[in-house]
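The form predicted alone is given below as one chain in structure tokens.
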């Protein structure tokens, strides 16, 4: 029995459960069982899949975050779809062959599109269409890349091997570019700006935090050996992608007033940091760096988008002026948001600080000192817009009270996510033990 089987079974059975409270309890039980199986290191009983200690650990993190999302959510269909996404995430994380990786990635992409198919507003329609187009392009690229790699004389039923000709290298890079759409790497990022800003905050939390971090860990796992052997040209290309992504994301966030767009640009910048792990693939600290950064990112990003979802009747339209003086209305929500923003900015004793620190150290260890310095400058730049949000929350007068829709279960969800941010910011050895 594996987490994949359990989550698939619970997802199918969840269609028969109607009261929301019962569905939440049912989903939490399923995720806790999956969490236990991942702790035991149970793998998918299919050829091409395996559960390494690093993968099992990150699966546990994903399931903890999913439990928080379930507790927060008020739509039953989203909970069912989340269970399916959890099952697909397990497949992708445990993929050991190129074929299993591609099929799992496509399953996760299709489920992501189904997640946003329930459209209620024009803005949600705009975000969903752009997500669909990006997914279609990514699918075309990934199958074209797999075809070229196979034409180079390689089997898809095993891990990535060093190509014999440039054709094989092109094929592998097309697959990487397809993953860049999911990771929102520039220039494959444009769909995410409107999608993240316009979709339901719960959907955005799942897409921008859970599926993105899962894709990043899976990509690193299957491509690390290839990047170590392929030579410096590939690493220089990744450096360009990473630096442009983090710089553009941070720079544009400085000139945005809409809260969900600021978080969307921030998510793009964070993707640039995650890509640094591939740049530092030859370093022995690269696996620790991406694991730590992904763990920190999934807690921070999920928390902030879920929190936005309870602020007002139209949370996707919120601007910085709308959250002015939030501290005077709800001190706990203001504190939770502030701590997660501090973590994203890289303030010490929070997970975001150590996530970046370990990742930057891996880049230095790989010999890319200038890259690490530019990344550090970008991290400092991001403090500007995070601090601006905090300023509005604490130091501006509230012109009109917000219509908060906070439930007891959503409070519990936020406390779970904050606990993750605090725990992994203090107890770093937990991550290093698995990396």
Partner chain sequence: MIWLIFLPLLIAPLLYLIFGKTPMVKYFTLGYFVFLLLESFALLGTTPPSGYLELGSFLSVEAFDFVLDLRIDYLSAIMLILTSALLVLVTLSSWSQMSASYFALLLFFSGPIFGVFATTNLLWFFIFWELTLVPMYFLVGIWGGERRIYAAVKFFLYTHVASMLILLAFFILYKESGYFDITMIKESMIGSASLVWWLLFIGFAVKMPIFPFHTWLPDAHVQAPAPISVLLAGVLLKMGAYAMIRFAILLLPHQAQNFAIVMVVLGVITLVYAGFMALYETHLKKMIAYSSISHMGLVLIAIATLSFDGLGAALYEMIAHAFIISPLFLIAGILHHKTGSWQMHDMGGLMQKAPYLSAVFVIAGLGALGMPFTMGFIGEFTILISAIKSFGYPLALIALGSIIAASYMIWSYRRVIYGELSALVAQSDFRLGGVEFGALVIFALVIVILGIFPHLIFESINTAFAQFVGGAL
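Positions refer to the first chain, counted from 1. Everything numeric in this text was worked out from a predicted model, so none of it was measured.
Not on display, but discussed next: the form predicted together with the partner chain.
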Just one of 30-38, 388-396, 44-52, 401-409 has residues with a heavy atom within 4.5 Å of the partner chain in the model of the complex, so point it out.
388-396
By the heavy atom within 4.5 Å rule, which residue out of 110, 232, 335, 133 makes contact with the partner chain in the model of the complex?
335
Give me the residue from 212, 203, 327, 154 that has a heavy atom within 4.5 Å of the partner chain in the model of the complex.
327
Any of the heavy atoms of residue 354 lying within 4.5 Å of the partner chain in the model of the complex?
yes
So, residue 124 and the partner chain: in the model of the complex, are they within 4.5 Å at any heavy atom pair?
no
Quick check on residue 143: any heavy atom within 4.5 Å of the partner chain in the model of the complex?
no
Does residue 383 make contact with the partner chain in the model of the complex, using a 4.5 Å heavy atom cut-off?
yes
Quick one: in the model of the complex, does every one of 170, 173 and 174 get a heavy atom within 4.5 Å of the partner chain?
no
Would you mind checking 403-435 for residues with a heavy atom within 4.5 Å of the partner chain in the model of the complex?
426, 427, 428, 429, 432
